[in-house]
Each structure stands twice: as structure tokens, then as C-alpha cells.
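Two separate entries follow, structure 1 and structure 2, each one form of the same protein chain as C-alpha cells.
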Structure 1
Amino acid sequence: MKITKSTRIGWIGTGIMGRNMAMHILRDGYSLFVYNRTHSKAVELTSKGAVWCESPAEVAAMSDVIFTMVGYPSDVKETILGENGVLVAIRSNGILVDMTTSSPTLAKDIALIAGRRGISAIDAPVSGGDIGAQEATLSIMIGGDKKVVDALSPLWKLMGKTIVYQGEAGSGQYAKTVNQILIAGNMIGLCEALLFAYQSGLDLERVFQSVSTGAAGSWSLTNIAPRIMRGDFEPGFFVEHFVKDIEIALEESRRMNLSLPGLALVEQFYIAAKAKGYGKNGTQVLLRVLAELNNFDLGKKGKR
């Protein structure tokens, strides 16, 4: 399939990430058909010309290429394989692209089922958070048929800046799992470091200026630390979704007979954040969990 402006695009899942990613496609002049379980989250897109559909199956029936960006592997199953799912109505030469961070094993299964029906299934999870989605600078990790992936190039470029083909079906999800393992410990270190700096009496802006450009620099430090310093714990990525990602990483590790004790330890902090009612907050809320663990009042300046 050659992607042209007459190619009809379907989009399922218009949350924090999906809404902005779909908006880039719509603004570039493509016809866009959308569905989300909560209708109100698609209103911004429909007000700009996207066509509302009543189910994933209806999106599939109206579209040539269907993107899904939902929450959990169970949502992916329902959206793609369910009674009103994409595979019920997608055309035999259609293309399905799941951009959810999901299970590599599930991605392989979907590709196998889709392939038997003459459908191309691509897994293409992303990294970059809400900022990357807004600014179309996401890193997109892609698995599936290389020819199909290359054909989708005009659409990838509307959403991301770093677009890398990882290999056969499931490879995109494996790469995203690597990404999440890296971030999991990084966020703990970031929050512990800022808490330490706060308690020691340092000016956070000054210490951030020193460490952000040195060996300790990272995407999280550059993009998330400023949010923490202004008390912004709104989600760029939900804690509850990160708990899911860690569970996927640990499950896949067990399949490969790998032991990842560091990740297993870090998981407990994210589970604690969720248990304390922070599941809908951004992962930077781990600072609050650590502060509570230390009986530390974030409203008071620390002392050396």
C-alpha cells in the first residue's frame, strides 16, 4: 500500500498520548476516523474534522490503516481481537499498527492471527511522553514486515523524530521494554537526588544547572525534574501504566530465564505509589512517596 492523502486513517485510543499523535495526522490533511471508550476524549479531534465511530470495528471498516493506542494488553486484546474489534471488519489488505506499550508475546500472536487473514500487523510503541506526543518528537520502535513499515514512513514522520525499525513482529515491544527498564531506575534516582538536594538546603535550580549537563544528564532530568521543582505531578505518563510496563518486563524476563533484581526492587516503589492513590499521577510522583517514607515535609526547606 502506498500512503497518499487519500489514504483513510483510523485511530483508536485518544488519551494523553494518542490524541496529540492523531492530531498531527489530521492536521496534515488525512481523513481520520476515531474511537475512544470515553467519547469526550475525542471531542477535540472531532471538532477539527475527525469522524466519530461507535466501535473499533467501525473504525476498521472505514479505514485503510488503523492505529491503536490504548492502555493495557487486555485493552489491546479487546480492541483488536474482541467481538467488536478491528479484525472483525478490517479489509484483507489493511494495515494494523498497535502503538500501545504492550506485551511482545501478544504482538507476535496478533501478527500471526492477522497474517492468516491477509492483514499486516505492526507493533510500534513510543517513548517521549506527552511532550514528545505534542511536539511530534517521539522515538518510535517498530516491529513487523519491513516493506509495510517503510510504506508507512509518511505517517511515522508526522509523529516522531527517531524512527527505528527493530525487526520482526514483537521487536518493537521488546525495544520498548528495554526503554522502560532504563527509565524505571532512572526515575527513582532522579527523585532521590532531588530529595537529597532539597534536604541539604541547596537551591534546586542551581544544582539542576550543574548536574543536567554533566555525566548525570538524562532525558528524565531535563524534562521531568523541572516539573518536580514546580510541584507539577500531572501525568506525562501514568504511574499505573508504568506498573503495567514493569510487569511486562519481568514476565518477559522470566520467559527468557533472566533475573533482573534491580527492576524487581524498583517495582515496589511504583506499586507503593499506586497503593497510595497516585496511580493517575505522573511517574515523578515517586518524590512524594520517598518524602513520605522519610517523614519529610516538601513544604519546608531542608537544612544542612
Structure 2
Amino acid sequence: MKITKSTRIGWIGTGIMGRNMAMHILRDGYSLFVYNRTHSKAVELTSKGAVWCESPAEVAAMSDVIFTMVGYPSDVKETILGENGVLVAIRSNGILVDMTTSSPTLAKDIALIAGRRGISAIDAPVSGGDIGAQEATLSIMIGGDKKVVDALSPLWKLMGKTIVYQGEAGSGQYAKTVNQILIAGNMIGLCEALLFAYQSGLDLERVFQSVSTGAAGSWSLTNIAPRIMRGDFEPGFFVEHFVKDIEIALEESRRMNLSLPGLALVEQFYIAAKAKGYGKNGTQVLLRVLAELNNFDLGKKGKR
């Protein structure tokens, strides 16, 4: 398939990420057919000319290329393989692109099932958050048939800046998993380090000055530590989404007989964060979990 401006694009999942990504496609002049579980979240798109559909199957029936950007692997499964799912109505030679951060094994299964019917399924999770979605600077990690991935190039470029083909189906999800394992390590280091700094009575601004540009530096330190220092635990990136990503990573690892003790430990604290009602906070709330574990009042000065 060659993508032209007459290629009809479907978009399922118009949450904060999906909406911003789909908007770039719509603005570039493509016909866009949209569905979302909660209708109201699609209004921004439909008010600008996107066509509302009543189900994933209806989107599929109207479109040549169908993007999905939903929540959990279970949502991906339902949206694509379910009763009113994409595969019920997609035309042969249709292309299905799941951009949800989801399970690599599920991505491979979907590619297999779709492939039997002549349909290409591509997995293409992203990193870069809502800002990256808005500014079209996402990193897109892509798995699936290389020819199809290349053909989609005009669409990738509307959404992302770092667009890398990672290999056969599932590889995009594997790469995104690598991304999340990196973040998990950075976050536990960051939160334990800041707690240590508080506890030892240091001035956090000064410590930040000393450590942020050297060998201890990280995106998390540069971007999230300042939020923590302001006492800001708003998302950013939701705890409950991160828990999902860690679960995916650990499930895949289990399946591959791979023991990742650091990640397993981080998961425990994020489960605790959810248990404490911090699921809708940003991932930096891990500091609060660790502070509470230590009966340490973040509002007070250290007690070295």
C-alpha cells in the first residue's frame, strides 16, 4: 500500500496521547475515522472534521490504516480481537498499527492472527509523553513487516522525531519495555537518593547543582527531581500506567526465564503506591512511598 492523502485513516483511543497524535494526521489533510470508549474525549477531533464511529469494527470498515492507542493489553485484545474489534471488519490488505504500550507476546499473537488473513499488524509504542505527542517529537519503536513499516513513513513523521525500526512483530514492544526498565532503575535511584539527601539535612537545590550534570545525571534527575523539590507529585506519568508497564516487563521476563531482581523490587514499591491511593499521582510519588516506609516527614528538615 502506498500512503497518499486519499488513504483513509482510522484512530481508536483518543485519550491524552492518542488525541494529540491523531490531530497531527487530521491537520495534515487525511480523512480520519475515530472511536473511543468515552465519546467526549473524541470531540476535539470530531469538531475539527474527524468522523465518529460507533465501534472499533466500524472504524476498521471505513479505513485503510487503523491505529490503536488504548490503555492496557486487555484493551488492546478487546479492541483488535474482540467481538466488535478491528479484525471483524478490516479489509484484506488493511494495515493495523497498535501504538499502545502493550505486551510483546500479544503483539506477536496479533501479527500472527492478522497475517493469516493477509493483514499487516505493526506494533509501534512510543515514548515522550503528552508533550512529545503534542509537539510530534515522540520516539516511535516499531516492530513488524519492514516493507509495511517503510510504507507508513509519511504517517510516522507526522507524530514522531525518533523513528526506529526494531525488527519483526513484537520488537517495538520489546524496545519500549527496555525503555521502561531503564526508567524503573532511574526512578528508584532518584527517589532513594533524594530521600537520603533530605534525611541528611542537605539543601536539595545545591545537591542538584552538584550531581545533575555528571555521571549521576539522567532525564529523570533533570526533569523530575525539580518537581519533587517543589513537593509536586502530579503526573507526568501515572503510577498506574507505570505499574502496567512493569507488569508487562516482568511477565515477558518470566516467560523468557529471565530474572530481573531490581525491576521486581521496584514493582513492589509501585504496587504499594497504588495500595496507598497514589495510582493517579506521577511516578515520582515513589519518594513519598519510601518516605512513609521510613516514617520520614517530607515537610520537615532532615534528622542526621
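Think of the rigid core as the biggest set of C-alphas that the two forms share within 1.5 Å after superposition. For residue numbers, the reference is structure 1: its sequence is counted from 1. Remember, it's a predicted structure, so these values are computed and weren't measured experimentally.
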property	result
Identity of the form predicted together with another copy of the chain, given as 1 or 2	2
Size of the rotation between the two structures [smaller rigid part against larger, C-alpha superposition, degrees]	13
Following rigid core superposition, Cα shift of V285 between the two structures in Å	3.4
Backbone CA shift between the two structures, G231, after core fitting (angstrom)	5.4
